[in-house]
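Given as C-alpha cells, the chain that follows is alone and in the form predicted alone.
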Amino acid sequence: MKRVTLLRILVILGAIGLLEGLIHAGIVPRFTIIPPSEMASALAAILASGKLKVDIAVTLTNVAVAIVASMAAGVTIGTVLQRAAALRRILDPLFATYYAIPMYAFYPLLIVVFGLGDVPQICIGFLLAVMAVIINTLNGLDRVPRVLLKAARMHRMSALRTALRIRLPYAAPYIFTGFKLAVAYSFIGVIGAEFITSSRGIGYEISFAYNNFDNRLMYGLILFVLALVLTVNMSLHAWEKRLMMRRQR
C-alpha cells in the first residue's frame, strides 16, 4: 500500500511538473492557464487576505448540508427499497437513467419554489449526490450473507434492529463508496448552481473572476476546491481501510 501511495504521489507531482514546464516553455499560453506554482501562491494570498472567507464559509456550509441530507436520505431509501422488492423492480429502470437528466434544468423550478438563496443550491447538490448513495447502499445490502439474516430471525430481531446491527454494518464499505461520491457530487452541484444565479459563494467568485479575466483568483479558488475534495476523500479512504482491517481481525 505504501508503494501504491508513493506512485500516486509521483504521478500527481509529475503531472504538475509537466504542466509547469509546458507553460514556462510557452507551449501552453498563460492567457489560458497560469502555472501551478502561481495557483498555489494565489491561493495562499486569497486565504491570507480573508476577503473571501464569507464566500468560502457559505459554499462549504451548503455542501455540508447537501452531503448530510443525501447520506441520510440515500441510506434510508436504499434500506427500505432493499426490503420492498416490488417497489425496487419498478424504480430500477429509473435509477439507470437518473444521471441522464440534467439536474440544472430543475434549478429555475427550485428558485420559484424556494426563492433566491441557498436552498436551491443545496437541493441541486442533494439531487446529484443522493442517487449515488442509494445505488451503493443497495449494492452493499444485496451482498449481506443469508446466514446472518437467518441468525437475526432466529434471535427474533425486528427489521429496524436487523438493519442497524447487521445489514448496514456489513454494507459499510459500499456505503462509504456512496459517501465519497456524495462529497464530489455535492461540491459539483452547489458550486455549479452558484455559477448560475448567486451573489456569493466560491462558484460565484470563480464565475466573476472568469468574466473579468482574473486568472489568479479563478485558478486559486479552483485549486482550493480540488485540494479540499482530495483531502476529504483521502481521509474517508483511510477511514474505510481502517474499518476493513478491523473487520478482517
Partner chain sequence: MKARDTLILVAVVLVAWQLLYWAVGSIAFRSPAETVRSAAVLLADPRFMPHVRESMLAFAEAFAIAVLIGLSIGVTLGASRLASEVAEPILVALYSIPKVTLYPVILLVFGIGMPAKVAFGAIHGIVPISIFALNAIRNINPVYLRTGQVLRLSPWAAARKILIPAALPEIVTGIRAGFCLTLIGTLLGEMFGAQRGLGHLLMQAMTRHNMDSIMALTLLLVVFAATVNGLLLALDHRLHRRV
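This is a predicted model, so every value here is computed, not measured. Residue numbers count along the first chain shown, from 1.
Just so it is clear, the following notes concern the form predicted in complex with the partner chain, a form of the same protein that is not shown.
**Q** Just to confirm, with a 4.5 Å cut-off on non-hydrogen atoms, which of Val229, Leu22, Ile16, Leu236 contacts the partner chain in the model of the complex?
**A** Contact with the partner chain in the model of the complex is made by Val229 alone.
**Q** Can you pick the one in Ala184, Ala69, Leu47, Leu60 that has a heavy atom within 4.5 Å of the partner chain in the model of the complex?
**A** Flagged contact: Ala184.
**Q** Is Ala64 close to the partner chain in the model of the complex, meaning a heavy atom pair under 4.5 Å apart or at it?
**A** Taking the distances in the model of the complex, the answer for Ala64 is no, it never comes within 4.5 Å of the partner chain.
**Q** With the partner left out of view, is Asn215 within 4.5 angstroms of the partner chain in the model of the complex by any non-hydrogen atom?
**A** Taking the distances in the model of the complex, the answer for Asn215 is yes, it comes within 4.5 Å of the partner chain.
**Q** In the model of the complex, is there a heavy atom of the partner chain that lies within 4.5 Å of any heavy atom of Thr197, even though the partner is absent here?
**A** Judged by the heavy-atom cut-off of 4.5 Å, Thr197 is in contact with the partner chain in the model of the complex.
**Q** With a cut-off of 4.5 Å between heavy atoms, is Phe106 one of the residues that contacts the partner chain in the model of the complex?
**A** Judged by the heavy-atom cut-off of 4.5 Å, Phe106 is in contact with the partner chain in the model of the complex.
**Q** For the three residues Ile12, Leu91 and Ile191, verify that every one has a non-hydrogen atom within 4.5 Å of the partner chain in the model of the complex; reply yes or no.
**A** Each of the three qualifies.
**Q** In the model of the complex, which residues of 206-223 put a heavy atom within 4.5 Å of the partner chain?
**A** Stretch hits, in order: Ile206, Tyr210, Asn215, Met218, Tyr219, Ile222.
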